[in-house]
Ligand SMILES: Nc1ncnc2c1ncn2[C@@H]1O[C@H](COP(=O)(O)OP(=O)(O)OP(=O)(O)O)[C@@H](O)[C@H]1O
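Coming up is one lone chain in structure tokens, specifically the form predicted on its own.
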């Protein structure tokens, strides 16, 4: 069976993309074999994975982009790409061109949304050439009990990408897990709410 490939991308940094990629990959790995691919030349995700592996918490296969291009491992049902924020357009299109689903994490503020406009336009162009490509905004680091401002809603509507119904909250446990080299799936009862929202996000993109 051809792997389902999910790419997380935003040309704007600071949107929590790598943390989300890591936790989504861990959630998928609880279902079926999953490959996590770090396409960022800085390799920060690889350091994270190596730390988790050394502590006995590694549940997924991992490649950096160079190793993946030489020959991806076989027999994975899911692939998750953590795309770099700053690469040439040809390079990023080559990476995204392999994706079945692209998630564009954004912070729920008008300034952050507008700063992501170029990334949304790139995805719209890809969708025009590949009608089967599914691409979504993911509202990330949402404050508890906060409502989207009218300006944020207008910014989303203007960019033409659908928004996943699941919103990822700003939670201390995501930061704690990152500091410990873990996913929220390894953080016990204190991460129940975080695991639930990652699970609901995964179910939404798999349906």
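Positions refer to the first chain, counted from 1. Everything numeric in this text was worked out from a predicted model, so none of it was measured.
What comes next is about the form predicted in complex with the named molecule, which is not displayed.
Q) in the predicted complex, which of 27-35, 138-146, 155-163, 65-73 comes within 4.5 Å of the named molecule (heavy atoms)? A) Going by heavy atoms within 4.5 Å, the stretch is 138-146.
Three-residue site 15, 85 and 175 fully in contact with the named molecule in the predicted complex at 4.5 Å by heavy atom: Per the other structure, all of 15, 85 and 175 touch the named molecule.
Heavy atom of residue 182 within 4.5 Å of the named molecule in the predicted complex:
Judged by the heavy-atom cut-off of 4.5 Å, residue 182 is well away from the named molecule in the predicted complex.
Item to complete: Give a yes/no on whether residue 151 approaches the named molecule to within 4.5 Å in the predicted complex, heavy atoms considered.
Response: Looking in the predicted complex, residue contacts with the named molecule do not include residue 151, since no heavy atom lies within 4.5 Å.
Note to self: Within 4.5 Å of the named molecule in the predicted complex, counting any non-hydrogen atom, which residues from 145-171 show up?
What the structure shows: The stretch 145-171, when checked against the named molecule in the predicted complex, contributes 168, 169, 170, 171 at the 4.5 Å heavy-atom cut-off.
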